[in-house]
Structure formats: C-alpha cells, structure tokens
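As a starting point, one isolated chain is supplied in structure tokens, in the form predicted alone.
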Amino acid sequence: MQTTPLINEHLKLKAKMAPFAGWNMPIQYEGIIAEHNYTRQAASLFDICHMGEFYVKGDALNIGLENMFSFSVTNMPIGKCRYGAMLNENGGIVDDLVAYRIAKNEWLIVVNAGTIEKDFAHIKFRLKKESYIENRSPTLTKLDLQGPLSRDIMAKLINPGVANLKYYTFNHFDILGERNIISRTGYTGELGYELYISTGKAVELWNLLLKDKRLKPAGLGARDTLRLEMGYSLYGQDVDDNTTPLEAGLEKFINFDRDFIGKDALLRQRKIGVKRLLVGFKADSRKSPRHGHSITKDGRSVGIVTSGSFAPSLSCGIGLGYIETAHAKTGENILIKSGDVEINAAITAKPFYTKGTARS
C-alpha cells in the first residue's frame, strides 16, 4: 500500500485512513458531512498527492499528442487547463484527465491515481520518437484548496496574484522557494485551487496552509460526496475502459472536428445510438443508494448504480447509474433495489447541487 508524503500529518490529526486506488488515504477527520458542509461554506484542504502528473514536450501535431485526447491540445491558449478523456481504439475511456498548456510545445497531463502506470504506457507507446515524456508523479505532488474562502486564503498565504486566476487557468508562482504551478481548478464545484509542489515540500506547504484557521483538512469521503453532488464521474466506478463518453454523458468534452484515437468507434456508436446512458437520480428519502444496486422499472432490472451517497447539501440520497436509453428521461420514476433495500427515486438533471462557487 502506497502512502503520500503527508501520512504522518494525517495520523497526527487522527484521520480515519483507508485504502483507495492502492494508496492509504485519509477518508475523514471530524466526519464526512461536517467536512462536506465546511467546504461548501468556507474552505478545506485535501491531500491529492496520490494523483499522477506527466510532462510532455514536442510539437503536438508531429509527435501524436494532438490525437491522444478527446479534445485538442494545439488550440489551447498557454496558461489554460482543459478537461477531457483519453480513449482506446474502441472509444472506451482509458482515463479522464486535465491537460495544462505550459508553453507552445510543453504540457502537463494530470491523471487519476489508480491509472498512472496504464496511462503512461498508453501515451508513451503512441507518441513518436521526436517526443519527450516524463512521469513526474513520484517527485511532484498536489494539494487542493477548495471552498468560497479559498481565494482570500491563497492571496494571503501564497501570493496576491493568485486571486487574478480565472476559472480553468493556471500560472507559475513562488511557493516555499520553488516556482511551480497553481491552477484555479478542482472537482468539488466550489471556488478552488490546485497547488503543485515537489514531494519534499508537501509537508511544509500543508502545514503552512493550515496555519490559517479558516481552513480545515478534509478527506476523500467529503471529496466524493462533493463531486457526486456536482454529477462528476469517478474513474473506475462511473467510467472505465468499457464505457464511452457518449454513454457517460461526456460528449461535450469531445471535439469531433479533428482526428483522435477512438473517433471512428464513437462515430459508429453515435450513428446507431447508445443502448445505455449514465444518468443522475435523486431519492425521495435520506436513504443512500450504493454502487452495484440494481435500477428497476415496473419490476424489471433496467440498469445499475455506479455511485451513490447521502447528499449533505440536499438532505436526500443521490446517485449515478447506467440505465437503458429508453428509460433515461428526466423525471422518470425508478426503484433502486438490493436485497431488502428499496429506494424510490427519480431521474434528475445534473448537477444535483447548483449553488457552487467554482466560477465566481
């Protein structure tokens, strides 16, 4: 089981630790609901050091990077971040990721923790010899500061210039003697920042940020309920190599006006139509749907839950799941079942939570 550089800090704070994607990670400190609500109302600090970062250099068209993702990397302005997917030849999602354009011919690719080795092999195998790719995951780590107060905290503790970052942009700032990237990104739906720093500086940065008493640590439990309230997918749970962006409702992150790996498969699928769709649903009670529960309609199983939880901001159960296309209609009543558990729910538009401050 791998650990992040912050393992001793989590133990000092008496975090509840648990395995996640091969890592021993903090799930909660004072409680998932408390940490969730505090992130929505103030600001929280998350250890995201387990995620992966690849540095790629070269002419994107000539080295094959432009064809690697569902989005174009060549039309990205320098200083811009872009979310999308990396696909296999069948249109399946190898990973969802964020690309940062550092310079004309330089990119940072941020991937999920559990897919680092798979993603690196996928990209390296397909890049041409003229390229340069480096897996910086072992030496570069990431902390996420999320919540409505994050801008004020970052401006006070790191650099007033951080406050000028626009949504989904980044810049380089001096952080504890290093010049590294801070982006205005995150996966909680709230105003927030992601800070990159060398692994050896992670503890120092963590403790520097937590000196601001407005900021509290939060674990992956709250991170999961926050992302679920926004209707964001979790790789390995809601999407994987056997699901396509069309099935997962991620078509807006595909640029079909260019060639990319998996495009032909997606065009064929779009032509014949998908048989299932990833939808959001809301329970009529506080009962929590769970991964693997069956989605039923008129006594017949028509789908399966991929993510489910109690939503602290909404005071009810919510979830994501794949359902037969014929039933994937907003307002459609469904029944979630597992053994003796039965939860009445209705398919709901995403995001579930619409008051987030991410773009403010």
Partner chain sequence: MNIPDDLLYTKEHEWIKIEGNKGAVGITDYAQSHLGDVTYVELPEKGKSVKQSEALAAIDSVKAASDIYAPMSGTVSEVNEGLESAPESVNKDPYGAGWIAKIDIKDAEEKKNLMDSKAYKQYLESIKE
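Positions refer to the first chain, counted from 1. Because the structure is a prediction, the values reported are computed rather than measured.
Keep in mind that the form predicted in complex with its partner chain is not shown, yet the notes after this line are about it.
Enquirer: Tell me, which of Ser233, Thr185, Thr225, Ser137 has a heavy atom within 4.5 angstroms of its partner chain in the predicted complex?
Expert: Contact with its partner chain in the predicted complex is made by Thr225 alone.
Enquirer: Note which of Ser288, Ser131, Asn105, Gln269 lies within 4.5 Å of its partner chain in the predicted complex, where distance is taken over heavy atoms; exactly one does.
Expert: In short, Ser288.
Enquirer: Among 331-339, 30-38, 297-305, 47-55, which stretch has residues whose heavy atoms lie within 4.5 Å of its partner chain in the predicted complex?
Expert: The contacting stretch is 30-38.
Enquirer: Given that the partner is absent here, does Phe310 sit within 4.5 Å of its partner chain in the predicted complex, heavy atoms only?
Expert: Yes, Phe310 is a contact residue.
Enquirer: Verify the contact flag for Lys14: yes if a non-hydrogen atom of it lies within 4.5 Å of a non-hydrogen atom of its partner chain in the predicted complex, no if not.
Expert: The answer is no: Lys14 has no heavy atom within 4.5 Å of its partner chain.
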